[in-house]
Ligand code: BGC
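In structure tokens, the next block holds one chain alone, the form predicted on its own.
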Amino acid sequence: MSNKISQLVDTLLKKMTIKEKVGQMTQVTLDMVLKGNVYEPEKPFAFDEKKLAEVLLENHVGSILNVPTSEALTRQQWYYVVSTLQEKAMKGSRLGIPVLYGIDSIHGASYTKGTTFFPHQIGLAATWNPSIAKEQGAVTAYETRASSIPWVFAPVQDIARTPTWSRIYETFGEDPYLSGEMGKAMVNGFEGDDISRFDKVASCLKHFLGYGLPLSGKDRTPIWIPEHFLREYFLPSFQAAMDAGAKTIMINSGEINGVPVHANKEILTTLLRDELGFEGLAVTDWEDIKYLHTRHRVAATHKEAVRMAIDAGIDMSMVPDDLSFCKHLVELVNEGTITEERLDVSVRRILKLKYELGLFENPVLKEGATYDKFGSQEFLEKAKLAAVESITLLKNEDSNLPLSKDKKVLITGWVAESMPSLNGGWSYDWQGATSVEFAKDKINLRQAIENEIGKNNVIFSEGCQYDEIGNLEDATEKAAMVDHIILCLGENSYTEFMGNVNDLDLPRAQIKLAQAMIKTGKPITLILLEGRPRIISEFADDIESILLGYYPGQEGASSISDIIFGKINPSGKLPYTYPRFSNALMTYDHKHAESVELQGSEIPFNPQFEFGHGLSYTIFEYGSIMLEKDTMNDREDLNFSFSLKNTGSRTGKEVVQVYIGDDYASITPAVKRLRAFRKIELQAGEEQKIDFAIPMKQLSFVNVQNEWILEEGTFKLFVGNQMAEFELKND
């Protein structure tokens, strides 16, 4: 905190009453100040003056979130919303403290019409390109701030360790290092060097800590993680983004080892504050203090839940739909159960953020800012680049792709005409369903392919809905009339618990359509648009080529079409392990015991596609690994080089992935771990020498005493199809 801001905060804090301090620690949904009922406001939405006074003037609420309707707003509507709140809070109250407005800008300014939607984070991770993550953060910051909103609940730094979890698509995948590198780049894009700028916002890391490994695979259900595993796998991605300067953090809604994280002082204070040194604002997730009482049942009353959360280290409660938090916390302070000094710790963080954002001087928009790039062609081109680098060619038997433009094709599968399947959740609305309405000026997969090869070369048959069999006879009859089938399958938009599933297989209706198309004998390209890896093993071996689009955003359809017909060479790589079977859900960094054949049994680790897999239309050849030396101490770097050559006939981008495996360790080592990566573009025939320097300390692991250690021993280094061995010897 700068000396000037520190002085301003201290001066203001001394003037505040207990009730005003508690108000600053309170966040409610916008519905609380609108006419009508919470979750059912009147249409068109309008402010209720009595509610405004109760929330902002009587209870001094310091933060508002969410959108006033189920629909996205225009920038002008957002200006009206935020300026009305700021006018009431700053001119109507005793101290004139501005409201801090927050929104879920997950892959673009989620609730603003005309915004630029990028791929969701899982697709962004598939680019393996941190510079694209930074650009995505910067564009999202620009368009969110243009909507008068200064705080975004992103990036999601959770590590997705089970493919059944519905929130995989919001993450950067299963690996801590990849997630950390992409997350810190996105934070830099959101925040830059000065979050008071007209085009920057405060970021919020989600969801601290361990959220991505629910035992049941369902969202917001219990998690069981040994502490050493929690620290080694789930902490580094957050640490990297904190080191990049992230201003705020949101807490995990779940429970770990029987203790809800919102009531876990060891995680929220001892670890986050004392050990990691995080100085920013910690906000709850939706209604999670109440859930200590109603869902987790560790607090007998709501008031006791408030005490537990504040004692654990929460700064701001996303209440979100009543003023009970204010009432209970004031009572707890007046009773002496919670000290006023404890409130000061949190309120200081909140006020500091408001000053850093420049809200006291520019509570809505910065004077003179025109935002003429909002929804611009420049931003669309950046979204297109993110989409094309994310799309992953998983299979391409006999060079089935790219297709010639003179081929006559059948497009089948409901996903071909689905805009929600391109944008996913957090797109214009929470679940993403209104993409149908608000993305009318964008094109779907069917339209993109028709635009590329002409309507005369395209026949369409829906074939099925998400989980409902359609007219298979029609699709089969039309397949006889074409040279090639483009089969479009996957998931609709969803988010959070609304995306919970009991079966990771694609729905039977889609599987039956795939099998019917295979029986026609025509070559097939399968396009998958999905938030998580849905199992396709019943038919994948009989499909010639498979393209995974994830949720690629508004420019996803044209990007996929460009790859199908060879205008763009695919370069995406999987950011997760794509499972073959519902009960074989291991990650790439599994233990040796999980891939050892025992007494004639099948080898357990046999995924459909491995983490890091992704094909190109050209061929990259790796040369032998040249180690600077093969014995090092723990203070040195592992320096090595190798050649990379494009031996194919066209330009391409290759993601060079560096893995290291520890041969023996005091805690069973993973078969291998990702330790570095770099995306390289090479012209046809071009060869380049690639150098890496990896600090030996990066090979540390967490032992049973929960300490990071680096043990002597031998290691294996893997790059492409090459391997080298080296040894660590401490002095």
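Only a predicted model underlies this, so the values are computations on that prediction, with no experimental measurement involved. In case it trips you up, residue 1 is the first one in the sequence shown, and so on.
Beyond the structure shown, there is the form predicted in complex with the named molecule, which is absent from this document and is the topic of what follows.
Considering the named molecule in the predicted bound form, which of 145, 573, 167, 354 comes within 4.5 Å of it through any heavy atom? None of the others qualify; the residue that does is 167.
Exactly one residue in 262, 161, 120, 206 has a non-hydrogen atom within 4.5 Å of the named molecule in the predicted bound form; which is it? Of the candidates 262, 161, 120, 206, 206 is the one lying within 4.5 Å of the named molecule in the predicted bound form.
Looking at the named molecule in the predicted bound form, is some heavy atom of each of 505, 578 and 609 within 4.5 Å of it? Answer is no for this spot.
Taking 4.5 angstroms as the heavy atom distance cut-off, pick the stretch from 613 to 621, 283 to 291, 82 to 90, 269 to 277 that is near the named molecule in the predicted bound form. Only one stretch passes the 4.5 Å heavy-atom test: 283 to 291.
Partner proximity in the predicted bound form: residue 220 to the named molecule, non-hydrogen atom cutoff 4.5 Å: The answer is yes: residue 220 has a heavy atom within 4.5 Å of the named molecule.
Against the named molecule in the predicted bound form, would residue 538 count as a contact residue? Criterion: heavy atoms within 4.5 Å. Because no heavy atom of residue 538 falls inside 4.5 Å of the named molecule in the predicted bound form, the answer is no.
Does residue 34 reach the named molecule in the predicted bound form if we count a contact as any heavy atom within 4.5 Å? Answer no; every heavy atom of residue 34 is more than 4.5 Å from the named molecule in the predicted bound form.
Taking the named molecule as it sits in the predicted bound form, is residue 542 in contact with it (heavy atom to heavy atom, 4.5 Å or less)? Judged by the heavy-atom cut-off of 4.5 Å, residue 542 is well away from the named molecule in the predicted bound form.
Since the partner is left out here, which residues of 136 to 164 would have a heavy atom within 4.5 Å of the named molecule in the predicted bound form? Counting only heavy atoms within 4.5 Å of the named molecule in the predicted bound form, the single contacting residue of 136 to 164 is 153.
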